[in-house]
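Below you'll find only one chain, the form predicted on its own, shown as structure tokens.
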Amino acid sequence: MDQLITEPKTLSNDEIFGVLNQFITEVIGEEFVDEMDITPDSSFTKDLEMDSIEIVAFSEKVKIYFGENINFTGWLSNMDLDEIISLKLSDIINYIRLCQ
């Protein structure tokens, strides 16, 4: 019997944002997220007040969910500190869209 092989579904920006928003909630806690207005323009350090350990935990969730095609840790490692500090959710959404 032939098996039908399908390509993985390409997620829209809104779908990726929803997944990332869930990861943020899991990493920093629902009680903190409830007090925030998280948008694609939210930055990790200023708006979400995530520290380096939380960003690492978030990046692990991205890697597990999106698979090896998304080398989020490698992508971050090519940035300098100022770029990481100013990183916004929209930057990550765009990176994931490029890698899908």
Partner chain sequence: MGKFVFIVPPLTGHINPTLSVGAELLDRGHQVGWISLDENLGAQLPEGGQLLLIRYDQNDQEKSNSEQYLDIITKKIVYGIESIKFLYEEVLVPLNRHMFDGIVTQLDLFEPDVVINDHQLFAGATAAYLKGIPYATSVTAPAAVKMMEDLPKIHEWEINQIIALQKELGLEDEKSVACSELLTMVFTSQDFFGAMELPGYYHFPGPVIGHRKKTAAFDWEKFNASNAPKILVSIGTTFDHAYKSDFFGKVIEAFGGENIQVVLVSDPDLFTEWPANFIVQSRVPQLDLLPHVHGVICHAGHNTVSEALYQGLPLVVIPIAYDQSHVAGRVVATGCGVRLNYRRFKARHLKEAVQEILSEPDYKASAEQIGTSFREAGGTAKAAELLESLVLHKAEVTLNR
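Predicted model, so just to flag it, every value in this text is computed and none were measured. Residue numbers count along the first chain shown, from 1.
The discussion below concerns the form predicted in complex with its partner chain, not included here.
Does its partner chain get within 4.5 angstroms of any non-hydrogen atom of residue 14 in the predicted bound form?
Taking the distances in the predicted bound form, the answer for residue 14 is no, it never comes within 4.5 Å of its partner chain.
Would residue 52 count as touching its partner chain in the predicted bound form under a 4.5 Å heavy atom rule?
Yes, residue 52 is a contact residue.
For residue 32, is any heavy atom within 4.5 Å of its partner chain in the predicted bound form, or not?
So residue 32 counts as contacting its partner chain.
Just to confirm, residue 45 within 4.5 Å of its partner chain in the predicted bound form by heavy atoms?
Taking the distances in the predicted bound form, the answer for residue 45 is yes, it comes within 4.5 Å of its partner chain.
Contacts with its partner chain in the predicted bound form, stretch 69 to 95 (heavy atom within 4.5 Å)
77, 78, 79, 80, 81, 82, 84, 85 sit within 4.5 Å of the partner.
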